[in-house]
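Each of two forms of one protein chain follows alone as structure tokens, named structure 1 and structure 2.
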Structure 1
Amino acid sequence: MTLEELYRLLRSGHIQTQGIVDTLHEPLIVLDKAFTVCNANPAFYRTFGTDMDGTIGHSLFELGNGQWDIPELRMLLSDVVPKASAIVGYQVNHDFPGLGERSMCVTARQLAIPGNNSSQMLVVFEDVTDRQRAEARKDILIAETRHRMKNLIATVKVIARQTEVAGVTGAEYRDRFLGRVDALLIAQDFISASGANADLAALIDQCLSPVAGERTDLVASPAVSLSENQVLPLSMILHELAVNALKYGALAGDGVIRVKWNTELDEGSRRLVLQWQEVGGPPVAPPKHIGFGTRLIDYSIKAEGGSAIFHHDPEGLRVEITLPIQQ
């Protein structure tokens, strides 16, 4: 091999190595025994907002106003060369100037060059901040999903406990219970589908159709959007009213349920006034006992700061519900 051939071989090897190092996405530096930077790749300059002049020939622990001068890191690095050990994924959390609060994983190992006594060390920095944040978010999401699931089961248990058992058959209990669970699920679906803008007309339609089928008369009324927290109370109320209509009211005969609403200003805040009117059914009388349905309506209305007035008109039950709305 001629000297020229050897030179070409070394040169192409050097260019190849330099190319690999320059292409690396992770910041990388080469340190000598005294932790002085001998070499750094473009990713290092880019990441830490520095340049060759401010890096090469300086001690790692002086770089960026001493941001790497962390006693534990210094101790670990001091062991790399003498013990030929390696640091893999040592995490440094630091507020880097211009970068902000970041988590860096530092990996360092000795660069042993055969026949050469000068020990060097290769140090790679990996920014794991975003990955860690994404993982933390995923953990929160999983915990939140689990939490919601438990709450949903707890709510179903409430419905099971609260559904009347006295004087009903097992089948009646089951149907009543499942009807209420359906009303709960309708509300859940509705919230996830519509988010913060739940349309009242659509909610009424979805709540009433499983019980009343086509026998609802939704009178054209102004568009009202409900807050997320009003969806469940309203869907439960509508379900209870519809089931009662089916048992004792208009739907027990050939009647229909007519629903219409309006909004009005009351002392500066807007409220919904909803009229539930049963027509064409058998004569109605006030209920003899207070069940879950009545209690639920009372509670919902009180909790939401509204009111529900029941008129047991002989021609059909009429309920007037008022509810504060944000608009």
Structure 2
Amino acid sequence: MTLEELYRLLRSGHIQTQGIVDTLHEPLIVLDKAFTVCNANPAFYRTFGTDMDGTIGHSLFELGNGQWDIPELRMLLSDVVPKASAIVGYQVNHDFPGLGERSMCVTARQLAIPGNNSSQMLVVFEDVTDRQRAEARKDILIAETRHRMKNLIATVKVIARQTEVAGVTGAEYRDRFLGRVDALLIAQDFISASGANADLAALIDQCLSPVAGERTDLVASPAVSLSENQVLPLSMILHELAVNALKYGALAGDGVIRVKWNTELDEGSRRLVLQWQEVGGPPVAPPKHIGFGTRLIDYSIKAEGGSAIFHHDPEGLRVEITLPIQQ
């Protein structure tokens, strides 16, 4: 091989290597023994807001007004890398000027030059801040999902245990149990779709439609937003009232359910006052015993700081529900 051929071969290899380095997304620099920057790729300039003139020939620890003069990084490069030859993925957390608090994974490797006592160091910086934040958000989401699943299963167990079994057939028990589970699932879907601001009118329509169909008279009322925590108990309450109307009240005959609401001040706080009225059904008489549905309504509304007052008028059941507005 002639000297010219060797020169061309070396030059071709250099160009290819430089091309690879320039296309890397990760910031990369080459340091000499004194930690002076010998080379840097465009990703380094782009990420840390510097340029070639302000980087090449300068100490790494002086770049960017000393932003890289981090004791942890200095110790890594001066003490650890010479002994271990390479360090892979060592995380450095630092508040970088212009970038803010970031987490950098530093990979450093010694470059021994054959026939030459000098050595260089290749240092690659990977900004893992966004990835770690995304993983943290995912972990929170998974934990929240597990928590909700446990609560959901616990609620289903309570419904299964509390649904009446005395004096009912297996089919009746199944229908009552599944009806309550469906109400639970509707509430969960509504929470997922609505988030922190659930519209009361939409919730009532979604809860009553499966039971009452078009036999619901929603009287025009002011817009009210419910908190996420209030959706589930109010959904279960509306379901229990609707099922009761289907079995014994207005929906057992040719009647309808009329619902309207308003808001009012109560000791300086605003509360919802919802009126449930059944019209056109068979004559109503007070119940001889309190069933699970009534207990569930009472427990749910009190747990939210509200109340439910039943009026068993002969012409139709009336229920006044009050609930603090958590806005």
Partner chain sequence: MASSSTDSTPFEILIVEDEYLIGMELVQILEDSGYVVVGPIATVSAAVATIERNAPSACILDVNLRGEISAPVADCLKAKHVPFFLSSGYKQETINQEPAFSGITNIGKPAKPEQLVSALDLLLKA
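Residues are numbered by position in structure 1's sequence, first residue being 1. Here the structure is a predicted model, which means the values were calculated and not measured. Superpose the two forms; the largest set of C-alphas matching within 1.5 Å is the rigid core.
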query	finding
Identity of the form predicted together with the partner chain among structures 1 and 2	1
Shift of residue 173 between structures 1 and 2 at or above 2 Å (CA, core fit)	no
Residue 129: Cα shift of 2 Å or greater between structures 1 and 2 (core-aligned)	yes
Relative rigid-part rotation, degrees, compared between structures 1 and 2	25
For residue 64, CA displacement between structures 1 and 2 after the core is overlaid, in Å	12.1
Inter-form CA displacement between structures 1 and 2 at residue 28 - rigid core frame, Å	5.7
